[in-house]
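Quick setup: one chain, the form predicted alone, written in structure tokens, and binding and motion questions come after.
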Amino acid sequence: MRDTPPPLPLLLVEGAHASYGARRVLCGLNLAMRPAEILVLLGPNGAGKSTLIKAMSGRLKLASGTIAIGGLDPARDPAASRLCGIVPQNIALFEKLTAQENLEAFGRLMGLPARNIAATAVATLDRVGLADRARDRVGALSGGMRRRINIAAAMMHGPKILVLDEPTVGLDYEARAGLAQLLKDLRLSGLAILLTTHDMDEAEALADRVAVLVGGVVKAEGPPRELIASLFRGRRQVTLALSPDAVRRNPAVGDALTAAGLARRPDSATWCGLVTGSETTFESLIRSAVVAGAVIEEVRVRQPDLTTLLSTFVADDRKEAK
């Protein structure tokens, strides 16, 4: 019996280049996404995340390279961009209208047949868990509920990919947890979800895969735990907070920590780095700092995470730029 081949990419970006004037934003970006997965884009501000979303929605034409959604080019074929539902970071709803009236208004803007709009609005509200709030005025609802309605508005036309830009900004813990579960449920229904976030805990909890976007290219992609394990190979993140004048009073302290593989954070008495070894190694590192004359105020040793992963690629990119 033959193995079932993996589904074809729903989103395929190959060699994408884009610029704003003289500033290059996408520099040969490659990315693929399949149905029913949550892909989280990680990257610093200016890495190209928003530019990629604009290209997917057909609002920006690539300088070179290709982007295809369902095999269609969004810059040339409006049917491609209709396969995406875009959820902006800032909630965009009519606050004086009810939840259902909002979705019906968005349905009309999207050109849905008038005879189907009301039923589609009710079904979509049910899909995001707000069927019982259909007749409530949006301005009276909580931030978490308004975010769900914003997501529902982006789903009115039946997209295959839901694109969310920082969807949990400003939400409390309970609303964030509820939204995370909603996205997982939508993924199980077959929807592909592309998410940007600066919240690394959120990314690790939600992502089937993450893609690290730095300097307009994808530096690494894969399941979060697998990426972390392959890049750091057992190393742990060590952070030492020293007394503010420790290095100024005794330069040997800085020399000892640098030799151990730690680096000083800018304008700070905190040193951090990735260190390979056992507990004995960490004890030896601390001992060498103390012997050199350091007064250590705090010690932290932890496993690397997505924050460590992203900061490593950002630091490497800055070194290459110099």
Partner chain sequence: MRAAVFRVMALSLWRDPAALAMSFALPGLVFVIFANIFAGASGGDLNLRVALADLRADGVSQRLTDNLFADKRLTRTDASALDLVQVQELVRRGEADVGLIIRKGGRPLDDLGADGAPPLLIMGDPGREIAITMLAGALQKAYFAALPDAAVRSIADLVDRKFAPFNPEQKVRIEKGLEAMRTASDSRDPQGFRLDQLFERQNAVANVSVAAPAVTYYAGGVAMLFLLFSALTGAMSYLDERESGLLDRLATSPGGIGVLIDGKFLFLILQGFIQVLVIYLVAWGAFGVALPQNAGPWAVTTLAAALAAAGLAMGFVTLCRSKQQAQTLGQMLILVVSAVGGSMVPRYLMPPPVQALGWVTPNTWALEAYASIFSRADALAAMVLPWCILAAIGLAGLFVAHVVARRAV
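Residue numbers count along the first chain shown, from 1. Since we're looking at a predicted model, the values are computed, not measured.
Not pictured, yet referred to below: the form predicted in complex with its partner chain.
Enquirer: Evaluate H198 for contact with its partner chain in the predicted bound form, applying a 4.5 angstroms cut-off between non-hydrogen atoms, and reply yes or no.
Expert: Flag for H198 set to no.
Enquirer: May I ask you to state whether L188 is within 4.5 Å of its partner chain in the predicted bound form, using heavy atom distances?
Expert: No - in the predicted bound form, heavy atoms of L188 and its partner chain never come within 4.5 Å of each other.
Enquirer: Evaluate R137 for contact with its partner chain in the predicted bound form, applying a 4.5 angstroms cut-off between non-hydrogen atoms, and reply yes or no.
Expert: The answer is yes: R137 has a heavy atom within 4.5 Å of its partner chain.
Enquirer: Tell me, yes or no, whether K96 is in contact with its partner chain in the predicted bound form, where a contact means a heavy atom of each within 4.5 Å.
Expert: Judged by the heavy-atom cut-off of 4.5 Å, K96 is in contact with its partner chain in the predicted bound form.
Enquirer: Sort through 178-186, 119-127, 99-107, 240-248 and report the only stretch with a non-hydrogen atom within 4.5 Å of its partner chain in the predicted bound form.
Expert: The contacting stretch here is 99-107.
Enquirer: Sort through A75, A154, L206, I228 and report the residue having a heavy atom within 4.5 Å of its partner chain in the predicted bound form.
Expert: For this set of options, the contacting one is A154.
Enquirer: Considering non-hydrogen atoms and a 4.5 Å limit, which listed residue (C84, V210, I193, L213) is close to its partner chain in the predicted bound form?
Expert: Checking each option against its partner chain in the predicted bound form, the one that comes within 4.5 Å is C84.
Enquirer: Going by its partner chain in the predicted bound form, which residues of 32-58 come within 4.5 Å of it through any heavy atom?
Expert: Heavy-atom contacts within 4.5 Å come from K54, S57.
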